[in-house]
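A lone chain, given as structure tokens: the form predicted on its own.
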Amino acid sequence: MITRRSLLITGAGGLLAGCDAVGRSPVGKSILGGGEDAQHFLQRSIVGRDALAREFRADQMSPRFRVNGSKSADTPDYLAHAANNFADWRLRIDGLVRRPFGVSLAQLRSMPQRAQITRHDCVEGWSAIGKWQGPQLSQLLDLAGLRPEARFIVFHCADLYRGTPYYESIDLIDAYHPQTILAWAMNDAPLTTGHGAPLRLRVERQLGYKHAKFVMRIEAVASLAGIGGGKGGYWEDSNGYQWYAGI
């Protein structure tokens, strides 16, 4: 049985490549051989992108929520912020925006908040249900004022993988999805270090590796070509994960 999750883990392109009708058609060849535009066509054809992820009741929350990815960001800058309880930490929003700015953790907490209890699905095969709270990403993007050429939002993080800071990206459809938030709280408490303090992305229609932790900077870009290896994220560049990890 092919599920949306298995399709996206193994790669939508691989499934389509096995379909002779698609592979022989001019449109199919364009889809299979394209780059970012082909990915966009595929992701839009799989499922309606504006649908909400399922939300759960408080009594359905998992008793244990595993730490995925980095357990900490052991850079001197991050450790100094953590020692000071992130009082001097600032999130930077820049790139293709009209009004680049920095915002403190206290300011993020004072913005209108969204709280949601959702299921986290890890590419490793485990899931857990937890509660997340923070402002919608769209609020910050609106404050910054995206320029017309902006097409992707890139998240630059404090944790290192083989000496490389973690990074991820989403398109504007996911960026403006109502359940896409910048979470500073988990299960009614500030994020722990293992879960990405002081701030992590929650993009609830995507697999776990898209939920960037230890977010330090948000950048609006026109193309992913200049970000890392050009595929849009650390695991996409290093391990061939799919850029669109919708579930």
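All residue numbers refer to positions in the sequence shown, first residue = 1. Remember, predicted model here, so these are calculated numbers, not experimental data.
If you look for the form predicted in complex with a small molecule, you will not find it shown, but the lines that follow are about it.
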_Proximity of D174 to the small molecule in the predicted complex, heavy atoms at 4.5 Å_ = no
*Heavy atoms within 4.5 Å of the small molecule in the predicted complex: does H120 have any?*
yes
*Quick one: does V67 come within 4.5 Å of the small molecule in the predicted complex, counting heavy atoms only?*
yes
*Is there any non-hydrogen atom of A212 lying within 4.5 Å of the small molecule in the predicted complex?*
yes
*Report the stretch among 108 to 116, 84 to 92, 143 to 151, 159 to 167 that approaches the small molecule in the predicted complex to within 4.5 Å, counting heavy atoms only.*
159 to 167
_Candidate site P178, W184 and R205: all three near the small molecule in the predicted complex by heavy atom within 4.5 Å_ = no
